[in-house]
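Next comes just one chain, in structure tokens: the form predicted on its own.
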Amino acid sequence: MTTKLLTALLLGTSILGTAGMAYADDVTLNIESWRGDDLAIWKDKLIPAFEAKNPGIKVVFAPSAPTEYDAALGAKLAAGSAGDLITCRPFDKSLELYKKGNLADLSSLPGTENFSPVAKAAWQTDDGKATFCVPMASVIHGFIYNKDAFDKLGIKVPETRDEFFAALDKIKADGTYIPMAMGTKDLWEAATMGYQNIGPNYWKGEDGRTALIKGEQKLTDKDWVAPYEELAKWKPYLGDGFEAQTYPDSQNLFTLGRAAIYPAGSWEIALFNTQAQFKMGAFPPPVEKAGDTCYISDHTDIGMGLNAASKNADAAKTFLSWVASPDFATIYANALPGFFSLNNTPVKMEDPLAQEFVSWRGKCKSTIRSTYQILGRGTPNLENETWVESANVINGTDTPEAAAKKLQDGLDSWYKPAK
């Protein structure tokens, strides 16, 4: 063999080897999610930002229908066909996947130090020793209002409960607007935008929530019954036929300008911005007296984990560390106003309504929904039963005391606090 031929063969082998290596390194990561509404944001903003900094790693966002996600994901995991990255619901749904060995332990993942213990709690084992999803966003509860209606009627934004009910009375007496848009047909609204919205001001946020888990407080205690007493007073302000009013009905009543106030979750912001033809503002749940400490439900809502069976674990961890970065937080929170970053690095919000919601973190104490951690595991399910009883109280078919007793009796039937 001539020297020239040998050189050519070696050169060819070298080129093929390098090309083969480059091809082998070109990894595609698939993301499982229930958030189909976010497809354009992932495709146009998030994925390009990541891929620009990480050549050789491609990412595909492949959502399922929200109502089908849990079952579809479970089937894919069982069949070994699930994506590399799993969008995580908070608390028990994801904890169950971790316990089954479907989600990898991410406790030592670079970037997880960017989150507080409260932010990580939704995706940790009960003892806090293992973290299995990177926190992505929370949603904040409060009230969105029609600024034009408030200006027309000369109403100032209420800070106390007395001011809140005085505003409702004024709106009702005028007759132009339904004072508040919320129905009870779908049940969950009454609990999520009602009880869990105003409740933290009564049970003092994390103090009350953790005391309930420890068995140091009960749902029949004054601070847990009082929010139902307030909810019962909402009935005259919800408009005719609210008992048959669905969640989309409530959204439409507000965005069409027919209702002045909307008990809200911040997830409504993007939709309301596209539909409402009037100026909007927001205020946190009013306190008893001016100057009282305020508490808000700043509920951990969405995270992302690693499929323990992924064949691309290293690339997936690179992606998850990026999800844990301030860069991701800034893009995500501004692309989805109303889904707020849980990252310790403050994110500057561009949307004025989102700015208003997130500003409450600076003056109020944050907590999460009282039924989500540990207390929603048994039967009867406290979360679902809270939906029913919140609607019953507003409808007037249960007294606040009766509702609280039913919930506590149900909890006592299966839950024994750890000693």
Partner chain sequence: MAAQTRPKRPFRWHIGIFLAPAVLVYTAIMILPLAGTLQLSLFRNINQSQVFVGLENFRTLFGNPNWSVGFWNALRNNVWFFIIHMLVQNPIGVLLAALLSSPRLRFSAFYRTAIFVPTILSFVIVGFAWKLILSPLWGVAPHMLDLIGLKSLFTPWLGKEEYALTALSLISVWQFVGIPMMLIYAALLSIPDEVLEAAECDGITGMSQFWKIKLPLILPSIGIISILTFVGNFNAFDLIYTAQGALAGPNYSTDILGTFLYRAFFGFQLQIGDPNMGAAIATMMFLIILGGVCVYLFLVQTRLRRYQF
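What you see is a predicted model, and the numbers here were worked out from it, not measured in a lab. Positions refer to the first chain, counted from 1. Rigid core here is just the name for the largest C-alpha set that superposes within 1.5 Å across the two forms.
The same protein has a further form, the form predicted in complex with its partner chain, not shown here; the description that follows concerns it.
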- Segment that reaches its partner chain in the model of the complex - one of 38-46, 367-375, 62-70, 350-358, heavy atoms within 4.5 Å: 367-375
- State yes only if every one of Ala122, Glu206 and Asn344 has a non-hydrogen atom within 4.5 Å of its partner chain in the model of the complex; otherwise state no. no
- Message: in the model of the complex, is there a heavy atom of its partner chain that lies within 4.5 Å of any heavy atom of Asn395, even though the partner is absent here?
- Response: yes
- Item | Contact of Glu32 with its partner chain in the model of the complex (heavy atom, 4.5 Å) | no
- Query: Is there any non-hydrogen atom of Leu253 lying within 4.5 Å of its partner chain in the model of the complex?
  - Reply: yes
- Might Lys185 be said to contact its partner chain in the model of the complex, defining contact as any heavy atom within 4.5 Å? yes
- Query: Ok, Ala244, Ala75, Ala290, Ala173: which has a heavy atom sitting within 4.5 Å of its partner chain in the model of the complex?
  - Reply: Ala244
- Query: Taking its partner chain in the model of the complex as the reference, which of Asp240, Glu216, Asp162, Glu113 has a non-hydrogen atom within 4.5 Å?
  - Reply: Asp240
- Residues of stretch 280-317 in contact with its partner chain in the model of the complex (4.5 Å, non-hydrogen atom): none
- Could you check whether the CA atom of Thr67 moves 2 Å or more between the shown form and the other one, using the rigid core for the fit? yes
